[in-house]
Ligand SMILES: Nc1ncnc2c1ncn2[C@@H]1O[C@H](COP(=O)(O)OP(=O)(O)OP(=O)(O)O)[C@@H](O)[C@H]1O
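Here you get one chain, nothing else, as structure tokens; it is the form predicted on its own.
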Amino acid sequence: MNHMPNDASNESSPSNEAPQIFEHLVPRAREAAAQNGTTRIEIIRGDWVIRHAAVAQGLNVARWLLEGPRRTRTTGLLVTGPVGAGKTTLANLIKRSYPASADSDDEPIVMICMTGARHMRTVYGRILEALNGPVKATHHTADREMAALRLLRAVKCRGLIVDEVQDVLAGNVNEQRRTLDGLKYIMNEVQLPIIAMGTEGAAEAFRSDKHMDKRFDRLVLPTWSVGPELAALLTSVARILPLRRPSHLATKDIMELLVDETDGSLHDMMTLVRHAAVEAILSGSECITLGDLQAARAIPNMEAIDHVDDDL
């Protein structure tokens, strides 16, 4: 969770009382828990990155690919998983790990989305758009290809992230083959690793090309079920929520509820937890219970959020 200060304090405590420490939270969440309700709700509603084992593995493989020397036979990573598994979140996390320099035109990571891109001409166009390059409707595929490769070299790109790569399958067989050939061509000509994100359909598309199949490592993001892995995940989540009392999310009843309600989708589970955490601040309970999660399908009342600090 972003924007959490490091030192613990409670600005609402009287000066003659010791500040609350919030020892149930990790250090970076403790000062956040001492803030007013509006600030804490903003944190809860912000971007989360849940660094479970598969995310850690993806980051490690990405580093291996992006920080190594350029190779003639460049390899890549294909990350697959169901909708809501966290593929795009992982892609954004990798991109943020290699920020562009403020005093340079270098662009270490270029990220594009394949949604609706049935032709390699469109893919080249999206690379050019990501780099603020020239994209003209009159440009043929070869024109865009030349411009895209030239720009990727000019900005010293170290890796290309391609999200929603399963949309390759939206084209006919010949279009699929040409698009996969185009991605291979980028890898070969710029010696550029590609990190591709998609559903299981993406793995099907890559298996149809034996060269792509051999050049890409595989990482599958999980669908969650009740067990020790989910318990560890939820324990970690509870320790970063800026709530002032402990939330015991790793109980069997809560895990079963979350899995049953969401079919094990990480995104949907975290949506329920967000809603329940906001309601815990609005109600003053300051912790998430099974009952809170049972009622968490509904979006919290925005008018109540507007007035959460009125009684301070």
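Start at 1 with the first residue shown and count on from there. Everything numeric in this text was worked out from a predicted model, so none of it was measured.
What comes next is about the form predicted together with the ligand, which does not appear here.
Within 4.5 Å, heavy atoms only, one stretch in 27-35, 279-287, 241-249, 52-60 touches the ligand in the predicted bound form. Which?
Among the listed stretches, the partner-contacting one is 52-60.
My question is simply whether residue 107 lines the interface with the ligand in the predicted bound form - judged by any non-hydrogen atom within 4.5 Å.
Looking in the predicted bound form, residue contacts with the ligand do not include residue 107, since no heavy atom lies within 4.5 Å.
Quick one: does residue 266 come within 4.5 Å of the ligand in the predicted bound form, counting heavy atoms only?
Because a heavy atom of residue 266 falls inside 4.5 Å of the ligand in the predicted bound form, the answer is yes.
Mark residue 222 yes when one of its heavy atoms lies within 4.5 Å of a heavy atom of the ligand in the predicted bound form, and no otherwise.
Looking in the predicted bound form, residue contacts with the ligand do not include residue 222, since no heavy atom lies within 4.5 Å.
With a cut-off of 4.5 Å between heavy atoms, is residue 87 one of the residues that contacts the ligand in the predicted bound form?
Output for residue 87 is yes: heavy atoms within 4.5 Å of the ligand.
Can you pick the one in 171, 82, 133, 201 that has a heavy atom within 4.5 Å of the ligand in the predicted bound form?
In short, 82.
Which one of 259, 43, 66, 270 is close to the ligand in the predicted bound form, taking close to mean a heavy atom within 4.5 Å?
Contact check passes for 270.
Residues 129, 184 and 216 are flagged as a possible site; in the predicted bound form, is every one of them within 4.5 Å of the ligand by some non-hydrogen atom?
No, the whole trio is out of contact, none within 4.5 Å by any heavy atom.
Within 4.5 Å of the ligand in the predicted bound form, which residues of 274-306 have a heavy atom? Give them in sequence order, or say none.
Going through 274-306 in order - heavy atoms within 4.5 Å of the ligand in the predicted bound form - there is one hit, 274.
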